[in-house]
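Take a look at this single chain in structure tokens; it is the form predicted alone.
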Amino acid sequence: MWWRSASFILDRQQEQNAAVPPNPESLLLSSPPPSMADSLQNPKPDISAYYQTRAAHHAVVTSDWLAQAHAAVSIQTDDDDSSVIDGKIAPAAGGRGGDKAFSVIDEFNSWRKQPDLAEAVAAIRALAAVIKASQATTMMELEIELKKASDSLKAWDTTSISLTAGCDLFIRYVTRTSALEYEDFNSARSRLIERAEKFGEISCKARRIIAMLCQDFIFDGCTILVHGFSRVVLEVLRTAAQNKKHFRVFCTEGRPDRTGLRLSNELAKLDVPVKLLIDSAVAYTMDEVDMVLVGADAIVESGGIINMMGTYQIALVSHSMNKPVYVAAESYKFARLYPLDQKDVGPALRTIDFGVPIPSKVEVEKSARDYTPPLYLTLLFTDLGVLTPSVVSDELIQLYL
């Protein structure tokens, strides 16, 4: 079924467009295609066109509902300075001072020091700084410089799917309008900087938008099973606690890095009732669970997710017992991948400590993530809206066209 994937459709369209030589007159006379930045000027900002036209058909999310979530987030951030994120002052563009040459990796690492900032958002902020610090004199030079910086960031951690997806979406976001080729360089560069900053702002607000969208699904007295540590899942639960909702949480241990321990500690600070489970106790406790809420390293074209090891088996147990599985993930984690089985997922190896010596002849499975097919997922909560797994390919096509 690979020929139905979003990547195949996009690549085929690009090949068809490349085969037809463009008419210079038509390029000059035709209006540029609408960009993601232009959509921000619409009466309903940041709302996917897909949901403006087909929301009623899928009966999952309405434009008004998503607009309310955006409005709620805007109210919280209207008085915030654009250079401050989560109460911390952002590093200046260039970040290294006038005497030292700009390094995108150094800029990326300076953003990564903020504990609540995801790697993909740190990369987006670093790429925005590349545009500001660039000494290029033509659009071609600037795009080449931006592409090299993106490749450097992706090479920094080749196993991070969200980092790669964030870089790819950023490049597509800031360079998608062909009209830039027909403007003077200074105005084009200014527009790129404006789009880069806007993309960074949208990415930083994504977590709070998702938290607002999830609130209608968390009801008083419910029990939520979570797996591992996810910043966006923590934000969802924190918002629910701040809204005075009464619920309890089951946290899996999250081997091999035991990230579930970290999440349980954070929830305890919020006075949320929490129970810590060993990973193998999921089926044993599932009859007490009302819903499963997990994050994702990546949302792939099929509508499935790649997440920490154990997510797939939790989804299997939940599906067999008719428990809904909800995924909370930002749109910059939408990846142009189409895994068909677990072995199609790139390796992300982790050292596993069993507490006892392991003989050299014993093989140890060290992969730290697995792939959960869309069949076992109920809804995806993103800053683009609440999606069913079946519409992810359509959304990916819109993001990359």
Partner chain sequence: MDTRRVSRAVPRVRQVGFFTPNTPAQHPVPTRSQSGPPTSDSPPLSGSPASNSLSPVMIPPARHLSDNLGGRTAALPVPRHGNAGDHAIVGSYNPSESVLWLESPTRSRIGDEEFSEGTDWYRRSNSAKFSSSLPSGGFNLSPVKQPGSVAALEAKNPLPEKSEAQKEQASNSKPLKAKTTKAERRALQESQRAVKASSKAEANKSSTPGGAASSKPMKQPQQKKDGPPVASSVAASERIGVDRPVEKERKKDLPPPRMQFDDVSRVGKAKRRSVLNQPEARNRVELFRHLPPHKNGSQLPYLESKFFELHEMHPAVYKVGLQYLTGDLSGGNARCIAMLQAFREAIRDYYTPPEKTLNRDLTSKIGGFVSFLIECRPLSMSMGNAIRFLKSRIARLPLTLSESEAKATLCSDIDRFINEKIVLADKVIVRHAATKIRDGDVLLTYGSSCVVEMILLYAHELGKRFLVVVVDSRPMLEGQKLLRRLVAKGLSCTYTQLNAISYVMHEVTQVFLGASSIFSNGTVYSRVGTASVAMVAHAFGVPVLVCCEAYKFHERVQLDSICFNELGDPDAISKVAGRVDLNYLDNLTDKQKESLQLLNLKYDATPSDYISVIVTDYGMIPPTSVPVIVREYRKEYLLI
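Please read these numbers as outputs of a predicted model, since none were measured by experiment. Positions refer to the first chain, counted from 1.
As for the form predicted in complex with its partner chain, it is not shown, yet the points below apply to it.
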query = Can Asp297 be called a contact residue for its partner chain in the predicted bound form at 4.5 Å between heavy atoms?
reply = no
task = Answer for Glu301 alone: is it within 4.5 Å of its partner chain in the predicted bound form, judged on heavy atom distances?
result = yes
message = Within 4.5 Å, heavy atoms only: does Val364 come near its partner chain in the predicted bound form?
response = no
message = When the contact criterion is heavy atoms within 4.5 Å, does Asp344 count as touching its partner chain in the predicted bound form?
response = yes
query = in the predicted bound form, which of the stretches 253 to 261, 150 to 158, 301 to 309, 221 to 229 has residues with heavy atoms within 4.5 Å of its partner chain?
reply = 301 to 309
request  = Assess the spot marked by Arg336, Leu340 and Ile397: is its partner chain within 4.5 Å of a heavy atom from every one of these residues in the predicted bound form?
outcome  = yes
note = Residues in 255 to 288 that come within 4.5 Å of its partner chain in the predicted bound form by at least one heavy atom, in order, are none
